[in-house]
Structure formats: C-alpha cells, structure tokens
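In structure tokens, the next block holds one chain alone, the form predicted alone.
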C-alpha cells in the first residue's frame, strides 16, 4: 500500500514569524510518521508545505500560483528558503530512523503555458523501490511564458496521486477537518458546492489558496483523501479515516 502524506506548512512552522520552525510540532509529526515510513508492508511519500518559509518570501515578491517572476535571484530566494525547511523536516525524520531523502520540485516539475503541471516521478518511484521515504515540498517551478510560479504542496500531492499507484492520501492540517459554517467537521465532501460558503483562505500568509484550494484539488483525485488535524496523524497512518473524507466523482472506494 502506498500512502501520500501532506504535512501542512502551518503544522510544522509558525506562519506568523518568517522562517520559524515549530520544533515541538515538527518533532511530534515526525514521531507519528515513523512507523508508517518504516513499515515493510507499506510505502510512504511525504510532502510538506511552505509555512513561514516559502510563503513569506513568495508574498514579499508578489509571486503566486498565477503571478510569476523572471528574476532568477527571487526564484533562488524562495527555493533556498524551502530547502532550509526541507532540511529541518529531513533531519526530524532521520533522527527517528525514517530513511528520508529529498526530491526538490524545482528540478523535477514545470508548468506549460496553460498551467498544466508536469512532475517527473521516476526519482520518487526509485526511492520507494529501494526502501527510502521520498520527501517533497511546495516550491517555485518554471512556468512557460510566466518565468516561475508557485507550486503548492497540495498540487504535488495531486500529481503524485495521479502518477503513482497511490492507495491513500492524507492532508495533516491545523484544523481537525473541513469545517462547516458552524465550525463543525464535515464528515464527507463530494462536491465543492457542499462547503463553498464555509471554506476560505488561511488567516496567515498563504499564496496557494487555503482550504478552498485544498478541497478543489482533492475532489479531482482518483483516490480518497482525508483532511485531519495533527492529533489524528498516527491514526491515519494506522489505517483510520479521521477528519473529513474528500471523495469526488472519480473515486472508486
């Protein structure tokens, strides 16, 4: 069984303070991941968001998923910030025995002029085949006609789910699931219209669409996806379906 797990940037960083890792939260997440990544019966791919690292620099330069930059120094600044966060995640996992290795999207992905994403997954497949745990992250990517734009971790999760033989997808967030207008967790989402009025952008700096963007992306996946809080991470990796199950029309359960 192959699982793709997204650790939200808000889970592992303090998004209100530039380039600040939430050390306790990252340690807790890495500890929860450990068994899932080392279980010989399963394969795990980890993707993490930008949090206060990539989002801060991207917002400062006005770079988003649709607004690009042709300044190489700006691209390197955002990419390097994500590299520092990625190193922290790799260290946290490695210290707990997870055989984690980086896969840097700037070198593996690109967008066409119509924003179609191409993500080369050979490295991910080879790492899994050799018993490693690939760790990808939100990044900047070259975008035909726009220089470079932001590629969110959620988009990477979606690309992996379509390209690999993925069985489950999980998004670990700072909230316990997709919330309705009363703040209660929605058990299942099958259409965006069901939650359109309730979901919105993140309160902190986020250039990738917040919860609304996550739901739209997950509804297009061919596999079921769970959105849950960090307290449910261990349960998800143990096979539970915590939080909100997002299962669009293309999902066969």
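Residue numbers count along the first chain shown, from 1. Bear in mind that the values here come from a model prediction, so they are computed numbers and not experimental data.
This next part talks about the form predicted together with a further copy of the same chain, which is not shown.
The putative spot formed by 109, 130 and 147 is fully lined by a further copy of the same chain in the predicted complex; each residue has a non-hydrogen atom within 4.5 angstroms of it.
a further copy of the same chain in the predicted complex comes within 4.5 Å of a heavy atom belonging to residue 69.
Contact annotation: residue 99 falls within 4.5 Å of a further copy of the same chain in the predicted complex, judged by heavy atom distances. Residue contact with a further copy of the same chain in the predicted complex: residue 162 places no heavy atom within 4.5 Å of it. Taking the partner from elsewhere, residue 181 is found to have every heavy atom lying beyond 4.5 Å of a further copy of the same chain in the predicted complex. In the predicted complex, 72, 75, 76, 79, 87, 90, 91 are the residues of 72 to 91 with at least one heavy atom within 4.5 Å of a further copy of the same chain, listed from first to last.
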